[in-house]
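As a starting point, one isolated chain is supplied in structure tokens, in the form predicted alone.
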Amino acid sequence: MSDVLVFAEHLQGNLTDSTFELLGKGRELAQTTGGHLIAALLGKGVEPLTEQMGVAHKVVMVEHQQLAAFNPEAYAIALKAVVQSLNPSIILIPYTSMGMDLASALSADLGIPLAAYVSEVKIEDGTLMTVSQMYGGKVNVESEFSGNPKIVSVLAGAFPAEAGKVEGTPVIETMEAPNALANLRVTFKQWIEPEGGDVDITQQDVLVSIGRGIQSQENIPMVEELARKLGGALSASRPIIDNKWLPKSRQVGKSGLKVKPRLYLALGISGAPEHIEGMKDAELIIAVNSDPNAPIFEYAHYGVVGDLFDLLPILKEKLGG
């Protein structure tokens, strides 16, 4: 009952950064509970990935053709079987597009309490404590849990990934796939990737990114001009893409692209966790927002509280008209 179980998320043959983040945090928690760190690896032909999870004491692997590509129904069935078999104290699941499906289904099916949007997790006096970011990160909610097990769905980037990248040889245990995988209501059909755009924002040294604060599509050209003057490219948060003001290839975030430019200038972006996941590793982050409590300021190296439309003309002048 004192073990910590981490769902090992992988995509196109690679473990995600979120997996390593949770493995590192999971080991820390397991040392406190006095249990073992166990990774649940679901898929087909995924055994080579176990070599990257040396931080874990054991990797429990479930392989089945229905798990070859992510199918929320199939993965929920398999993960439920792993949890019921191991009965861990804490279950760590990334708060990603995959994890959101799995954590909620697992919680509902097994009647296990779930903390989502989690940015902090620790154990104090034997009690699990979490902090969840609500309303786009503007409100922090503290929760404490008693009893076992419990599910913690953690925001990407909450913990360092390097802590989970430890060499070692975990014990590999193969679990028989549940019979229920033979009668699924959901079928995986096709993996579709967005078409390449005119600019690859993942290769840019400088990105000027816009959010809701840009107000209208007509205001985009002035920011695009600023990006050119800085020798960079224009990118955006999801609301801009959803409005079809810019193509999908310019989106930064969980459902877009991860970028690591030398400079990331965020204009009118509040800083929801979904966006932070895509740009948190930039070398220098400068944020401009009229809301002094905008979550983006927690990640920015420099911040300006003000109207971006007041700042743009000043920047333009400084850069030579």
Partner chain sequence: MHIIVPLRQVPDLVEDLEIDASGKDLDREWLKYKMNEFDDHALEEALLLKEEVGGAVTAVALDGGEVDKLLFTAAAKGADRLVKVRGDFPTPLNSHAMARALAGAIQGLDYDLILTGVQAVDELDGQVGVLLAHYLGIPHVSVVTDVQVHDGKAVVHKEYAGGVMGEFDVILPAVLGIQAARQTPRYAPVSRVRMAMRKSTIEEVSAEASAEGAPDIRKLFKPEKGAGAQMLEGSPEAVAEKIIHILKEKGIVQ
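Positions refer to the first chain, counted from 1. The shown structure was predicted, so the numbers you read here are calculated from the model rather than taken from an experiment. Note that the rigid core is defined as the largest set of C-alphas that superpose within 1.5 Å between two forms.
The next section is about a form of this same protein that is not shown, the form predicted together with the partner chain.
Scanning 180, 171, 166, 129 against the partner chain in the model of the complex with a 4.5 Å heavy atom cut-off leaves one residue, 129. In the model of the complex, the partner chain sits within 4.5 Å of a heavy atom of residue 95. Contact check for residue 15: no non-hydrogen atom falls within 4.5 Å of the partner chain in the model of the complex.
Although the partner is absent here, residue 255 is a contact residue: one of its heavy atoms lies within 4.5 angstroms of the partner chain in the model of the complex. Put simply, residue 228 is far from the partner chain in the model of the complex: not one heavy atom of it is within 4.5 Å. For the stretch 94-119, the set of residues having any non-hydrogen atom within 4.5 angstroms of the partner chain in the model of the complex comprises 95, 97, 98, 100, 101, 104, 105, 107, 108, 109, 112, 113, 114, 115, 116, 117, in sequence order. Once you line up the core between the shown form and the other one, the Cα of residue 13 stays within less than 2 Å of where it was.
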